[in-house]
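The form predicted on its own is given below as one chain in structure tokens.
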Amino acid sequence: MILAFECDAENVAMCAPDDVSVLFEFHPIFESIPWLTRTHFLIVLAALLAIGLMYFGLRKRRLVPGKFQLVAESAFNFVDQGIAKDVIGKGGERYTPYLLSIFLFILFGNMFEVTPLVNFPVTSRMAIPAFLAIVTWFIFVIAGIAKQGLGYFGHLLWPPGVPVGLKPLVGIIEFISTIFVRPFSLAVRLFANLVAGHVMLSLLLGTAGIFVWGFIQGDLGFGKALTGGAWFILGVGIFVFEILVAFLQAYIFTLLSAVYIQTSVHPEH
């Protein structure tokens, strides 16, 4: 995208707005439905895809699974065995539904970044990772209180095994880290990675298209066309890499959620 401070629609691809806040506004898809924006639609779609995968994949289970059932079972076993039970340990299966839900929702939401004609990961909106992080925060705090009672907070303030002289300092650090830093870092990690990938793809592929199209129209020289071609090749490489990032970020968010729950329900570890 090319921005100009003085709007000249014939020579630039996009004019800089007078108020940059319009770049962050939610615009409705249909004027008659003002509350339905592209972001809201994709959030609902990601949730429906996650629900649909598990419902239609597991509702009629066969001894010899079909492709759809195989994908659903693989996703369930990956989260149940590889995250919930391996990380949380005893009682980890209780948290499988939640961990599976956020894993699939984040994965589908991330994959919108590399979906043709969409190219927008809903997790690049800070509100989405922040909401998921707050839900995880509530779960591991409530799980800690249910397991340890109000002594859960005492455990944070006075960690066992720490020398008495260091307990006040370490306790304050642990309390702030657990109660405030964990949800913030959990949300920012997902948000920042998806925003970075989305911006890189938009700049590389968008600029490549503009340069090549400008050469075809005769407005730009051959050197610009070569530059556009090189950026396109780099953009394709980033595109493939972002598919891996989409999966990794869904996995990392789910894994860390399980780790935080584990520290609440099994403080002795």
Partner chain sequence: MDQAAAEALKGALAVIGYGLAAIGPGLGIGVLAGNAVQAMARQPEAAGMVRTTMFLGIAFTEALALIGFVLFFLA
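Residue numbers count along the first chain shown, from 1. Quick caveat, the model's predicted, so the values are computed rather than measured.
Heads up, the form predicted together with the partner chain isn't pictured, but that's what we're talking about next.
Novice: Whether Val245 contacts the partner chain in the model of the complex should be assessed with a 4.5 Å heavy atom distance threshold; does it?
Specialist: Val245 lies outside the contact set for the partner chain.
Novice: Considering only heavy atoms, tell me if Arg189 and the partner chain come within 4.5 Å of each other in the model of the complex.
Specialist: It does: once the partner chain is placed as it appears in the model of the complex, Arg189 has a heavy atom within 4.5 Å of it.
Novice: With the cut-off set at 4.5 Å between non-hydrogen atoms, does Phe175 touch the partner chain in the model of the complex?
Specialist: No, Phe175 is distant from the partner.
Novice: Though only this chain appears here, would Val181 touch the partner chain in the model of the complex if you measure heavy atom gaps against 4.5 Å?
Specialist: Contact with the partner chain, yes.
Novice: Would you point out which of 191-199, 149-157, 111-119, 163-171 contains residues with a non-hydrogen atom within 4.5 Å of the partner chain in the model of the complex?
Specialist: One stretch meets the cut-off, namely 191-199.
Novice: For the stretch 73-94, return the residues whose heavy atoms include at least one within 4.5 Å of the partner chain in the model of the complex, in the order they occur.
Specialist: The stretch touches the partner through Val87 alone.
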